[in-house]
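The form predicted alone is given below as one chain in structure tokens.
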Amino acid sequence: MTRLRLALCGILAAMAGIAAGHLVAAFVSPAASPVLAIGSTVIDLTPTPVKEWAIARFGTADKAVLQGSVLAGTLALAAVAGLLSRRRMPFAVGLIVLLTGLAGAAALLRPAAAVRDVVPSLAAMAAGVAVLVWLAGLARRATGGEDQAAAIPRTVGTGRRGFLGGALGVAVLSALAVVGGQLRAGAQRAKQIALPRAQDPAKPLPKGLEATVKGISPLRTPTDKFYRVDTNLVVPQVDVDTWTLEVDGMVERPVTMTFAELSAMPLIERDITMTCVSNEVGGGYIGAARWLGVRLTDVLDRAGVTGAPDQLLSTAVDGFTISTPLSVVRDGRDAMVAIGMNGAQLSDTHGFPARLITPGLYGFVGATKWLTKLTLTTYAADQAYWTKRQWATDAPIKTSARIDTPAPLSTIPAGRTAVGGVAWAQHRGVGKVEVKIDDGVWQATKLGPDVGVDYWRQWFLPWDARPGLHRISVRATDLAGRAQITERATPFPSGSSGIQEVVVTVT
């Protein structure tokens, strides 16, 4: 019996277990799929510097890389189980049980876990053990037992065909189970709802510079292009008909609202730019959209406030928590419980059916997606997910500017062209944007339409580009005359800072 055949037995057993668990999870709880459960636990246990490195290195592919790594590690251990099955089958079975048991424990340890979340891992355990024992038996027959002094060639040949057929069958069935699980999960889309009109609508959005400055970010970010950064390996699927928003904690009277009750409250519509704290200088984790929702203060006023809370702890349907300074919520800005984005309901990816939007704060302290509970409390009493990991508790978005065109390290023809991009200083407003070519002087750019202090500004500078290698720098200043911070800082713990510079070749 060859080692390769034995290792393959273990790998196929793991594949069968993972596939069975994934299929069952699609009907029970998608997040409880074994690989996803382990991956989510890895995310929670990963040190902040490693997380930031992964986001900076892999961008939006970081989750796929993580899942691939978990899968590769699982298959490697499963191959060891296959090798053990030759003489130590109980140990081989024990290793499969251990792997699937860890997945079950990870699923049960999630903040919003239920008993049913262990079912996918139990299914994975049963399928994995059964396939390992069965394939290992076929593998032994494929070599006539290998330890026997005399093996009948015809029996060996028949056994080999049986093993190959069995292995192929397991692979095909595993693939079908994974596809079935994906189709089932994909079919669970958000229910289409009719959003009411805002009593306080936003003004029509002016025409942006994207029509005249090629390569510049559009004034409004399309929903399907809006950045996504969160800890979820699978997007929560929420039933809007059973969803509720609870307000509790240091309140005069706890309140629970259905979606119908929430959407019946006075609605506002605002153009707001959101930024992720993980955004590096010149990065793409920023987007501008039109949001529809209920003022957060209106929601909190229904419950009333008692005592001296200083934190609004918001909880998502999966148990994830974010803390927002209560002083910011009540300082007059248009913080809201949003139910619409760019004229439509929220997508699953962006927090359906409701999420928080807090202008001027990075998302990790003010933009809880898949919102289900608001708790008035204190920082001394409760810590949110990121607070426990030593991120800042009060994180205003830093003034910054980004060059969209020309692209870094690009080659452009000599002659008249445009340097353009976007700048932001949420809740303070962009006053001016300046560009410097090589070691020249800072030149004032032409600003795009002014949509408000909570929205970004497009900008551009006509440039007579001459042949050669050139360095382009950009900086922004807010309406109060405060220039963006020039010192370089990493995103941790309160957002990156520094001047973006790009190098281009002019021919």
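The first residue of the shown sequence is 1; numbering continues from there. Note that this is a predicted model, so its numbers are computed, not measured.
Note that the form predicted in complex with a small molecule isn't included here; everything after this is about it.
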{"item": "Location of the small molecule contact in the predicted bound form, chosen stretch of 96-104, 221-229, 248-256, 387-395 [non-hydrogen atom, 4.5 Å]", "value": "221-229"}
{"item": "Exercise: Arg333 in contact with the small molecule in the predicted bound form, heavy atom 4.5 Å", "value": "no"}
{"item": "Proximity of Leu132 to the small molecule in the predicted bound form, heavy atoms at 4.5 Å", "value": "no"}
{"item": "4.5 Å heavy atom contact, Thr368 and the small molecule in the predicted bound form", "value": "yes"}
{"item": "Close approach of Ala338 to the small molecule in the predicted bound form, 4.5 Å, heavy atom", "value": "no"}
{"item": "Contacting member of Val430, Met274, Val419, Ala78, with respect to the small molecule in the predicted bound form [4.5 Å, heavy atom]", "value": "Met274"}
{"item": "Listed residue (Arg355, Arg140, Arg402, Arg290) with a non-hydrogen atom within 4.5 angstroms of the small molecule in the predicted bound form", "value": "Arg355"}
